[in-house]
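As structure tokens, the next two blocks hold two forms of the same chain, structure 1 and structure 2.
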Structure 1
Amino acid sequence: MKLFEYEAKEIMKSHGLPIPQGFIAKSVDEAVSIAEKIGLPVMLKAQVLVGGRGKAGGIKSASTLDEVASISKYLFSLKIKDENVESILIEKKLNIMKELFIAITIDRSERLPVMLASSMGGMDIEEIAKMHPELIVKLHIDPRIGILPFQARKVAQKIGLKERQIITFSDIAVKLYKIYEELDAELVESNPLAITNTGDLIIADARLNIIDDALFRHKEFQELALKRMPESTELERLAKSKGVRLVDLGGEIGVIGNGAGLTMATIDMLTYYGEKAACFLDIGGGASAEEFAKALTPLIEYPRVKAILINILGGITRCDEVARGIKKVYEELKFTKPLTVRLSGTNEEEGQRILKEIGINAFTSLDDAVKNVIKQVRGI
């Protein structure tokens, strides 16, 4: 989940990090009032959850209140990569002498957090990383220890900082990693990290992305996450609201499997016979009856899903547990959609017996199950 710049800066400020004075405006009048309050000149920064807003004209400076009014009016009318600008961050303009870059993220190849820093920050940091990788300093972090101040000081020296700036940079790096760790972040970044005319280091821009799979540990963000899923479909948002993670594939047959490979094979077989799956929903190994009941709920509620296919190869997941989950849904919800079940493996006979109690005859062959659900959808 991505946070807006102003939200990221509020968190950074609460951790004692240096950020410019600023407030959020949701109208032109508010923008003018804030600029008058903090004093001119100011920066007006469109708040969107996509990159490249600077190049798209989403960041402007203003030296008069008239400029604040005209620029904010323009920004509120702007669309950046299909995102409307609904709020603007008004900040006191910094006198920036140099732009640095600092970020904490994950190095998947090393399976470790990594701090990235550069003496060349700004809008073209991605190009700098490609064309001049030697300008990017990397520090892999032992998650059992975190960033030690002496390590951060060495990085500061490598990017050309001197004297008190080295100490300040070290403090910023340690605090950014603390945020990264505490919030289960995917990325904590300041680009640029500005050196002002007084020699101070200030977080001029901020990004903070939180790993979706860790949001259950951060209740303060859960409601926000449901609202902030513009890239997700209606089915995916419905599923997430039920505590279920799935990928919407656009078809009419909901697919649930216990394992990624098995679920993909089920989708492939549907495709082979000319039908498209509504979703990829891997319930995983060892799922309980309650977990299966929860997984079924969004597929039952979503109107585009015309039928449901459950494919279970019992190993760690017991077929009787799956059957109990299905029975639970039948008993608690108004189940009107055709359901096809393939059960094979551990406690298969008991699972089939439980399903027969609610009128479902489970298949042992995936091919037969797929053909059956296709007949249900096509009304054959």
Structure 2
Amino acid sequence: MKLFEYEAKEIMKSHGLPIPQGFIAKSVDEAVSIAEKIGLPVMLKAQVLVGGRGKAGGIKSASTLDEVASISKYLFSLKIKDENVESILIEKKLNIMKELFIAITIDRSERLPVMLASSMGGMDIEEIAKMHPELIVKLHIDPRIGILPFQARKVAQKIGLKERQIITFSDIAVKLYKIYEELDAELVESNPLAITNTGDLIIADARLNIIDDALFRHKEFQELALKRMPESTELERLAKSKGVRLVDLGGEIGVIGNGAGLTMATIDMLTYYGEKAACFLDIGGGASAEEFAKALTPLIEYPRVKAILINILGGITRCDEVARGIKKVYEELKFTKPLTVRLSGTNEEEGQRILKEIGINAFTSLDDAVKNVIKQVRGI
């Protein structure tokens, strides 16, 4: 789950990290009165969860209250990668001499937390990682011990800091790691971490993403997380309203499989034959007839889905249960969308028999099933 910049900064502030003075505005009037309160010039920063906000014009500075009004009006009208701007963070404008980058995240390869730092902050860090990997300093961390200040000081030196900035940097790194650990973050980042004209370090921009799998022990975020689930498309919203998680892939063939890898492979098969899946829907292992029925509903209802492919390899999942689920929906909704089923494995015969009752001849070969659904969608 991603947090907005201002939410991330609130958390960082409560951990004693240096954050620019600022407040959140939900309207133009609020923006103006905040700017009045904290004093001009100010930065106006559209609060969105997607990246590339700067390039999209979501960050502006203003030197007069009139500018604050007109810019905030403009920002509230903005759509950044389909995301509406519902709030603006108004901050006192910093006098920035240099921009650094610092992040703490998970290094999947090393299977350790890693701190990344660079003297080239304020830029697209993935770009730098590709073009100048030597400009990004990495520090792997023993998750049982955490970052020790001396480790962070070594990083500070490597990105060119000197004297008291070494200590300030290491203090910031230790506190960011504490947030990373306490909140089970996936990413804690400041880009830029600014050096001001007084030589102080301050978190000019902030990102904080929480690991979804760890939300069970962070009650404070659970409600927020429910609201903030990615649901960018109509199909995904429809599915979510029915309690089904799927990924919209834009095509016309709805795909349901059991197991992530098998479902991905099924979708890849469609591509192999020149077709595009409507969605990725992993029903998981051991799904019951009811769960199956529930998963089918959004695909039946959603008009873009022209045909449905169900691919079940019955291991722990029983083919007869799946067949009963399909039958249930079939009888209740009397849907007419073409449906191709591949059933194989545990209780395969019984499943096939049940499907026959509603006129469906299930395939045992995945290849045959894929070819069949393609025929259906092409109307051949």
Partner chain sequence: MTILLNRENRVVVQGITGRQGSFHTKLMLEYGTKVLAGVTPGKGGIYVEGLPVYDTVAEAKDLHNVDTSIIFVPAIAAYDAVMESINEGIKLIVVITEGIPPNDTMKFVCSAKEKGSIIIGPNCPGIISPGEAKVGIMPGFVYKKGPIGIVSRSGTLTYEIAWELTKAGIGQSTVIGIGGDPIVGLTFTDALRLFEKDDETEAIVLIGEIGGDAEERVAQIIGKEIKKKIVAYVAGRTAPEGKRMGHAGAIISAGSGTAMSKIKAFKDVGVEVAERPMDIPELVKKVMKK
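Under this definition, the rigid core comprises the largest set of C-alpha atoms superposing within 1.5 Å between the forms. When a residue number appears, read it as a position in the sequence of structure 1, where counting begins at 1. Please read all numbers here as calculations on a predicted model, not as lab measurements.
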>> Quick check: structure 1 or structure 2 for the form predicted alone?
In response: 1
> Once everything's superposed on the core, is Gly58 shifted 2 Å or more at the Cα between structures 1 and 2?
Replying inline: no
>> Core superposed first: is there a CA shift of 2 Å or greater at Phe101 between structures 1 and 2?
In response: no
>> Is the shift of Leu49 between structures 1 and 2 large enough to count as movement, that is, does its C-alpha move by 2 Å or more after the core is superposed?
In response: no
> Hey, core superposed, how many Å does Lys327 shift at the CA between structures 1 and 2?
Replying inline: 17.9
